[in-house]
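One chain comes next, on its own, written out as structure tokens in the form predicted on its own.
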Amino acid sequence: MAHMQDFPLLLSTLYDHAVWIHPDQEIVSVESDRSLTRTTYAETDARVRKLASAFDALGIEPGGAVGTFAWNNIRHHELYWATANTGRICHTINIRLFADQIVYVANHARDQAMFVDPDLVPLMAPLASQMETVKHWVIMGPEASDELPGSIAYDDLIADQPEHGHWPLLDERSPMMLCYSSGTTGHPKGVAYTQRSTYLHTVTNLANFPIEPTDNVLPVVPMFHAAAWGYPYMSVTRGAKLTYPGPDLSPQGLVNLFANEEVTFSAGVPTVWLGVKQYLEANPDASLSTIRAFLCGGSAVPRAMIEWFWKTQGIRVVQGWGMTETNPVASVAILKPHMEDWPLEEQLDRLETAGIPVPGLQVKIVDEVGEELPHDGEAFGELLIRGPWIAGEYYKDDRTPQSFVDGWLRTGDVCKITPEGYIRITDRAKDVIKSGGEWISSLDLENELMAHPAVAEATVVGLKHPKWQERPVAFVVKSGEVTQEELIAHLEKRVASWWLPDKVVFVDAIPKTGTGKFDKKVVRDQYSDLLMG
């Protein structure tokens, strides 16, 4: 018996509602040449519908993959919606992958067309001949490029196309986006987001941490990384203004854009906000007076940074946690109502965690043999997660069995869960340091180091040690004058004595992965014998 209509959960339903109810809402976009485009939901809708018809003209069938190699901008936004609304698959390629990884993911996804931002053509052109399935090259701007023979300009592609009519009623379990992990070992692994998973992620996350039509959302997190954490979908669903920053992600460029466009909410990785913090400290006249909060994730958020933004700017830094495999936001560090009156130090104890699972998801921690551990805030083990927007497998990849067990995703994160429900991640399973049989959390050490006013960035890795198996070594980028002895003294008051790093190495920069996290594997390889002398 069908008690309710079996109507599919489709992004086009959310999209059509937004265009109908909020036709005049604005979308601002910084283009490749740093110029600014202003448009509305209604004007963008006409272009989205022309692009959908262009897919037909190019012979891209529903279920076919469309590659994007682009910054956060209006044309990328149009590609998000024209693919989702018509049953094509938007394959967003991380521009920071290595050349052979870019070729691998384009061939693995079987991209039929590739849409490339003008300033990224020099990165893509040398690889084009190796892409086996790409038949069409489209430059995301007003002009084609000689560097990609046979390319067509995006604006020419859609110029004479009719506007697509009613969106098709698709299977809600059909894929609408392909996202690949940054692949620190082996080839990147693909995750196929579905209409259903992204719809549920969108509406549940909006209920969990609201965006309003009065908001102006600027996603710093790239649209080529885990759907920009879902913010292009969430913002449109709620009818919020969207501001896309394009290629200028410098602290000065972002602060100016925040101020000029009166941005109220943003999202990005900790290194972005540490850069903004340093810029604001050096330029006291600049401010972020319109921003009420930003979501910060991708790697652990330093407690000192959360405190600084709250005390100096009145901005709530909201830590989120997720992975490409979780479509992507899975937990958010929000305070419970009774905590709002607590002293800041006690609030920070909750705000510095990975937060509470988003409603609809289930989590557990298990030991090395898979036995479930208590949520007592003391026991720690690997975090497992399941729910309607969590991947059930990797896309056409025989590595699936290593990460999925009995319907649960193995996250590779080692954590504790408090009785209140807060997830406190102590490390990536591969980054935890084992010294003389005892575990040391590299994330906790990094957090404490970055609380020092003269530390801009810090990462801690375990290096081989002749006696203790592994010992922690800190790699620090300075923002002021500080010595190894001063940093060790700073840590002595905050961590167990056997956690203290054997060495502090001062560096000009810490290597980053394609998603802006510290690349500990590169650091470990580069300094592997540092303690063996």
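As the structure is a prediction and not an experimental result, all values here were calculated from the model. Residues carry their position along the shown sequence, with the first being 1.
Beyond the structure shown, there is the form predicted together with a further copy of the same chain, which is absent from this document and is the topic of what follows.
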Report task. Answer with yes or no whether residue 267 is in contact with a further copy of the same chain in the predicted bound form, where contact means some heavy atom within 4.5 Å. Result -> no
Query raised in the report: Wondering, does residue 136 line up within 4.5 Å of a further copy of the same chain in the predicted bound form on heavy atoms?
Result: no
Query raised in the report: Wondering, does residue 169 line up within 4.5 Å of a further copy of the same chain in the predicted bound form on heavy atoms?
Result: yes
Requested in this report: Using a 4.5 Å heavy atom cut-off, state whether residue 529 contacts a further copy of the same chain in the predicted bound form.
Outcome: no
Report summary line: If we test each of 192, 315, 254, 351 for a heavy atom within 4.5 Å of a further copy of the same chain in the predicted bound form, the one that passes is 192
Query - Interface residue in the predicted bound form among 452, 277, 196, 428, criterion: non-hydrogen atom within 4.5 angstroms of a further copy of the same chain - result: 196
Query - a further copy of the same chain in the predicted bound form reached by all of 206, 363 and 390, non-hydrogen atom within 4.5 Å - result: yes
Query - Stretch in contact, per heavy atom within 4.5 angstroms of a further copy of the same chain in the predicted bound form, of 267 to 275, 413 to 421, 90 to 98, 288 to 296 - result: 413 to 421
**Report entry** Partner contacts in the predicted bound form for 447 to 468 (non-hydrogen atom within 4.5 angstroms of a further copy of the same chain)
**Finding:** none
